[in-house]
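Read the single chain below, which is given as structure tokens and is the form predicted on its own.
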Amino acid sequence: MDSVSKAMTIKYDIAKLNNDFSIHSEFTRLEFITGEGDIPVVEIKNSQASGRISLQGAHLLSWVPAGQEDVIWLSEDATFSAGKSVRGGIPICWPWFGAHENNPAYPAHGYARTVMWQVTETTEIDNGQTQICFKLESNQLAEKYQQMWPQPTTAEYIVTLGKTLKLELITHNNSDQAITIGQALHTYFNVQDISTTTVQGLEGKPYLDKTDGFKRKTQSRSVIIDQEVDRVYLETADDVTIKNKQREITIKKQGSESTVVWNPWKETADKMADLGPDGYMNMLCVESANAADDVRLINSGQSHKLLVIYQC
């Protein structure tokens, strides 16, 4: 076991996590296990759904409403390793989105998806849902991350899992100066067949097209995927719906007016070692974000909440 994995194992004692936070009731089972790559994972099952969340990155790996297939796509070639991002699931991009504004050597999309989060609370909700809360304190991270983000900041992540999936990412500015954050819930949806999938609710919205030098364009109809798509849609506070032959997934949100739509298509996908064979045909990222024109200024002592609800 390398030193990083050993340190992680010591810090995250599975027995202690289960002693402090597990739930075993008539309707709910929540327990912690050692997942792939020796990374702790919480498994949740209630009367409405089941799910799995990695403590590294507070990274949701699965959400399966009762009677359905997994709504979330996870690459069959995903790698699980300390300090490395996972292909699929719901990575948390924070405290910046995309490349760092001033230092290209810093990791794209920030570091939140590759560091360990602290579990602070688990709750069995009366309506049959299950809630788990995570926290990330910037001033408690390794020195290299504090150099990237020196402002004292707390990120809270509240996951409420049931027949809907509710995600709340709350940023608290604990510093004496204003901060600006970019972020996204980089959700990979399982669409089964991208050729029959459309995204509705973005008609008439302006977007930045990364595949065409970030030119500003306007969406004229429902989004279809028949080539590489990498776009940041702006002015997007309304609901968005992913539709295909199997089901519809509705995305409701607050605290976000930008939406990222991404599918690498074949040529780019073939260059990605962890996407899996023809994986691009089964996934679509529709990300609720604060990106581009929508980054958020948080004054000293204030907070910002990104709230997203998925429903099938």
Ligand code: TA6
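Residue positions are given as counts along the sequence shown, with the first one as 1. Remember, it's a predicted structure, so these values are computed and weren't measured experimentally.
Only in words, not in the display: the form predicted together with ligand TA6, which the text now covers.
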If you check Leu55, Leu284, Val260, Ile44 against ligand TA6 in the predicted bound form, which one has a heavy atom within 4.5 Å? Val260
Heavy atom within 4.5 Å of ligand TA6 in the predicted bound form - the one residue of Phe134, Tyr111, Tyr207, Tyr188 that qualifies: Tyr188
Only one of 180-188, 122-130, 194-202, 147-155 has residues with a heavy atom within 4.5 Å of ligand TA6 in the predicted bound form, and that stretch is 180-188
With the partner absent here, would Trp94, Asp293 and His304 each sit within 4.5 Å of ligand TA6 in the predicted bound form, counting heavy atoms only? no
Should Glu168 be classed as touching ligand TA6 in the predicted bound form when contacts are defined as heavy atoms within 4.5 Å? no
Check whether Arg87 has any heavy atom within 4.5 Å of a heavy atom of ligand TA6 in the predicted bound form, and answer yes or no. yes
Sequence-ordered list of residues in 221-243 near ligand TA6 in the predicted bound form, where near means a heavy atom within 4.5 Å: Asp230
